[in-house]
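Only one chain is given next, in structure tokens, and it is the form predicted alone.
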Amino acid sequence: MTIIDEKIKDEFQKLPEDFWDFKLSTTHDLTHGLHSYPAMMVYPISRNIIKIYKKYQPIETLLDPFMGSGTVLVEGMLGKIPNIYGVDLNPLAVLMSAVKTTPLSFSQLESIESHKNSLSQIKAQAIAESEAFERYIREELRLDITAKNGWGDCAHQYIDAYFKSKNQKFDCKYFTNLGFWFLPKIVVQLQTIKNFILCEEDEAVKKFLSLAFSETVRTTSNTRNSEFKLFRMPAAKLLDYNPNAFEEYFKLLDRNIEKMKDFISCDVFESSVHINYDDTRALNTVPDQSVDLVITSPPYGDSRTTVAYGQFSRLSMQWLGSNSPISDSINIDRALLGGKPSRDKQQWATLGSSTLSETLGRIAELDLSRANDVFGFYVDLDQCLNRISAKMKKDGYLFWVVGNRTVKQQILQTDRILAEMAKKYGLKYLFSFGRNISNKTMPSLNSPSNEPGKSAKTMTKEIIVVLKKE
């Protein structure tokens, strides 16, 4: 270690043991709170890393290669870092991060107020029309809105027939099982709101409106909103469910406007922020040897059995579609790390981590298929390490916030595995420190086996692994 390395290490390690827990901190201040997202990092983690690191090293360029909701990027702006890069494979994360890191002018905020006023003028009529359609579905056709069939899988047919009979044109965004996830009146209300958003010419304003619309889609859907995976609420509850998309949308817009005003009051116009839809296994949108500092929190494992980013984002993507910054043409959970298992047991030792090889062997004794699933995730993570290393300047630092999950009662020590794999790419392990997860936005239970009815407690601790590009 160099003298600077020793000073940085000492600065971090002399902090109180519970310093990084941030028990009283939230994920919702400023533009951090514009939209919910699974497993959001509490922002004081990256804020304090940046603050401490800047004491010893200048930061010209910051990268989060798994940017998710954009927490690190926003904190980079608040830290006055000149160049900031963020990439993600989830189109909703790209939209979210773009909106959170784009300060709006007062004239743009006024445009949003005008949008609200225009929509308010037709609100009463639109709600009346949506409720008439709901009565048509429930009372005239006597369709069971809780069933998978009928309204559940053929909503588009009933919508077309109804509005054709009224001599009205109603262009709706159709997708599979639209009626399964949304009440009849909510489909009409959401489409009405979306049509107004599409009329907005300012792209930054349109994205801001689209993000509030995305949250509205989720909160007025038939999903159990306490979970990130897609589960519909019970039939009995659904029959009495009475959301109002207009009220929800206006409430979210008002909240987000205030958060944006707070954000721009922080003088965040100095940074050049680059948000890209990119695969970190390729990382083509970040220049080589350009990055001074990486702060990131990669997925804990494959999305099917850990945090279901794709399921969380699916309904928003389906509604926003190709006329928005996101597309519904990919299966996110399969595209993300670990989406495809590796079937070659002979390759287990090739990643350079003895810890991983030994753990895979123990898992394979119980379930070879699960061992292959796990290996597939670390193959992808290894590719990411390779590409991230190529983007780092010499002596650049990397802070990885990782969790050690359990598979088949075997603990996957991702902190050690990461350090071992990184070595072959010129990334030297310096030190680690831990934190208790207090307010991180993630479920208390998940399904590590991905089998219905089988769940386990999620991890309660994270380790921050510090690496350096040699």
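One rule holds for the numbers: they count along the sequence shown, beginning at 1. This structure is a prediction, so every number in the text was calculated from the model and none was measured.
As for the form predicted together with a small molecule, it is not shown, yet the points below apply to it.
Visitor: Would Gly152 show up as a contact with the small molecule in the predicted bound form if we use heavy atoms at 4.5 Å?
Guide: Looking in the predicted bound form, residue contacts with the small molecule do not include Gly152, since no heavy atom lies within 4.5 Å.
Visitor: Contact between Thr71 and the small molecule in the predicted bound form at 4.5 Å, heavy atoms?
Guide: The answer is yes: Thr71 has a heavy atom within 4.5 Å of the small molecule.
Visitor: Pro299: heavy atom within 4.5 Å of the small molecule in the predicted bound form?
Guide: Because a heavy atom of Pro299 falls inside 4.5 Å of the small molecule in the predicted bound form, the answer is yes.
Visitor: When the contact criterion is heavy atoms within 4.5 Å, does Lys116 count as touching the small molecule in the predicted bound form?
Guide: Lys116 lies outside the contact set for the small molecule.
Visitor: From the list Leu336, Ala212, Ile388, Val187, which entry has a heavy atom within 4.5 Å of the small molecule in the predicted bound form?
Guide: The option sitting close enough to the partner is Leu336.
Visitor: Going by heavy atom distances of 4.5 angstroms or less, which of Leu253, Ile159, Leu89, Ala126 would be at the interface with the small molecule in the predicted bound form?
Guide: For this set of options, the contacting one is Leu89.
Visitor: Please name which of the stretches 413-421, 54-62, 426-434, 40-48 has residues with heavy atoms lying within 4.5 Å of the small molecule in the predicted bound form.
Guide: Comparing against the small molecule in the predicted bound form, the contact stretch is 40-48.
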